[in-house]
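The form predicted alone is given below as one chain in structure tokens.
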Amino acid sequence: MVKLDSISKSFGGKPVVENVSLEVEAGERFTLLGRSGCGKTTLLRLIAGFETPDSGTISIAGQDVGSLPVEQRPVGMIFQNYALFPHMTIYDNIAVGPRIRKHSESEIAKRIDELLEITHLEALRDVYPGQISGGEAQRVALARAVINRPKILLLDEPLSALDLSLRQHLREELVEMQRALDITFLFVTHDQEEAMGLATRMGIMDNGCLQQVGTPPELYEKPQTAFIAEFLGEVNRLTGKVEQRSGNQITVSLASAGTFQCVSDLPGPENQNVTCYVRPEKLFFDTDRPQTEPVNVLQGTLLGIQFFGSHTRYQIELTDGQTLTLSIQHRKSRSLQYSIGDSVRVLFAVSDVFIPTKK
């Protein structure tokens, strides 16, 4: 559907997008995730035609669009502020695009009626943008962007101005409407939860470079770099030395805190320093129950307990001074009764430890 081949873009001599290659398949909800200023919005603007790449090619549905102006590219775009015309009704806002293209009013009316039904806006047909909510404005912007049947819809952080509860609801609506419209979405955000909740696949950007592409579970469970591991959700770091190798199974020493094992293709000799990662929800306290898979066991002292409604977080200090965070859902922790200062044994599966293999 959309193919970027070695795209680079600089402003004032400063690289903003560097050698990005990416393919987005038809029907996907693809999310570009990264911190502000990482180049993700610039990449979106390059696809739309608002900017021209310094090098590389952009094709959509097999057509090189590098020489096409914005209005001739088969894309729709939703901006952060929606950019609705305040003096026009909802119907007329949606009708802007096809009217510019000289479609007949009967054809426009039929298409708008279909979109108003899909976006649940039938009752707002004749009202003005100043009379509707932020969520309704987002749906109007969506209808206006897709009425010309673009090959792909580009969404530049359209939920960022909304409150948290509304954003959650609209994420679900966006997924539903994307399926109903049967259109490819390319969505830009800096919000990790938003990215994972929307995407069928996603890519993570940093300093103008595309770091890794995959499904949300792939990137969360097996990040290829330390940046992705630490950016995509909370994670524990354990720094030690490689004590032993057996095939791809590595034993890591934490000196006085003991050892643990993980599975990795990390190259290099024994005794090298290594940083390993494990997610807080993958850790659990030792309850003397038999385990069905190989687990690591580390001893520590409970430093803190924090209640967060749906879950509780525990901070544990190991004997070498490193700390771990353990997160347990309340349905699993009703029988747990720990106090700060208690000595605890923390368990985690060997398969849940990962070592990023790229810098």
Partner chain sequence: MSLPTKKISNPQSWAWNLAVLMSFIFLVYLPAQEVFITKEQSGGYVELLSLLPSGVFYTLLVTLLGSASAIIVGLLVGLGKLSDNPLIRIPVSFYIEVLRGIPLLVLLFYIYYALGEFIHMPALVAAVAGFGFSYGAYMADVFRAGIEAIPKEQGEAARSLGMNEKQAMFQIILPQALRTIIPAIGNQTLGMLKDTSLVSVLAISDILRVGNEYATKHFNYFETYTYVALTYLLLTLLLSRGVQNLENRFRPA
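The shown structure was predicted, so the numbers you read here are calculated from the model rather than taken from an experiment. Numbering follows the first chain given and starts at 1.
Just so you know, the form predicted together with the partner chain exists too; it's not on screen, but the next bit is about it.
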Checklist entry - Is every one of Glu117, Ala123 and Arg149 within 4.5 Å of the partner chain in the predicted bound form, counting heavy atoms? => result no
Next on the checklist: Although the partner isn't part of this model, could you tell me whether Ala83 comes within 4.5 Å of the partner chain in the predicted bound form, counting any heavy atom of the residue?
Outcome noted: yes
Checklist entry - Is there a heavy atom of Ile112 lying 4.5 Å or less from a heavy atom of the partner chain in the predicted bound form? => result no
Checklist entry - Counting only non-hydrogen atoms and a 4.5 angstroms cut-off, does Arg237 reach the partner chain in the predicted bound form? => result no
Next on the checklist: So in the predicted bound form, is the partner chain close enough to Gly97 to count as touching (4.5 Å, heavy atoms)?
Outcome noted: yes
Next on the checklist: Counting any non-hydrogen atom inside 4.5 Å, which residue from Ala255, Ala180, Cys209, Met88 sits next to the partner chain in the predicted bound form?
Outcome noted: Met88
Checklist entry - If you check Val278, Ile204, Met77, Cys262 against the partner chain in the predicted bound form, which one has a heavy atom within 4.5 Å? => result Met77
Next on the checklist: Among the candidate stretches 269-277, 244-252, 180-188, 98-106, which one is within 4.5 Å of the partner chain in the predicted bound form when only heavy atoms are counted?
Outcome noted: 98-106
Next on the checklist: Pick out the residues of 123-148 whose heavy atoms come within 4.5 Å of the partner chain in the predicted bound form.
Outcome noted: Arg144, Ala145, Asn148
